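Here we start with a single chain on its own, the form predicted alone, put down as structure tokens.
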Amino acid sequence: MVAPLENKTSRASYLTISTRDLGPRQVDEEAVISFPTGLPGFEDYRRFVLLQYPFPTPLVCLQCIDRPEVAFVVTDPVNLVADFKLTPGNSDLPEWRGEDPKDIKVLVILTIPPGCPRDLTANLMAPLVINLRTRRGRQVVVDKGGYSSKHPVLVK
């Protein structure tokens, strides 16, 4: 299960954000994840937070703070492919070189086709990499490993 990023300070400051699917939420400012270059197709939106759904699930909502209608369903890729390994070239993630691996969180975006939730797919080819210590994230392309951008989630 993917847990929201926790606040590690004693003086919490909170934001109230709107969400399309989960209603208004109060989130700790320390939980905000910055994507300095945005996400492909959403370059103008750079501040997100991970929100738990109100039911038990390995899925999490990556919610844009500034636009309630911009949200992604994400999960840890290991929930889908037990031996998933992120192996981009060193030039792909220079800001993460030398970081403690436990400070790096990898998530994948799920696509739920309208009217066909059983056709749910995961983009294993372009995972999100989040540095938990700096609260910075980036979407990277993994062109090695044979991963698909439309990996089926549910076995038919």
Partner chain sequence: MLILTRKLGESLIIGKDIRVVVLEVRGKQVRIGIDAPEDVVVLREEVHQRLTQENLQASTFRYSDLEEVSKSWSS
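Positions refer to the first chain, counted from 1. This one's a predicted model, so the numbers in the text were calculated from it and none came from an experiment.
Beyond what is shown, the protein has a form predicted in complex with the partner chain; the following relates to that form.
Under a 4.5 angstroms non-hydrogen atom cutoff, the partner chain in the model of the complex lacks Arg133 among its neighbouring residues. Contact check for Pro101: every heavy atom lies farther than 4.5 Å from the partner chain in the model of the complex.
The partner chain in the model of the complex is approached by Glu43, whose closest heavy atom lies within 4.5 angstroms of it.
Looking at Val73, you'd find a heavy atom of it within 4.5 angstroms of the partner chain in the model of the complex. Contact annotation for the candidate site: Val32, Leu50 and Phe84 all lie away from the partner chain in the model of the complex (no heavy atom within 4.5 Å).
Residues of 48 to 86 placing a heavy atom within 4.5 Å of the partner chain in the model of the complex, in sequence order: Tyr53, Pro54, Phe55, Pro56, Thr57, Pro58, Leu59, Ala71, Phe72, Val73, Thr75, Asn79, Leu80.
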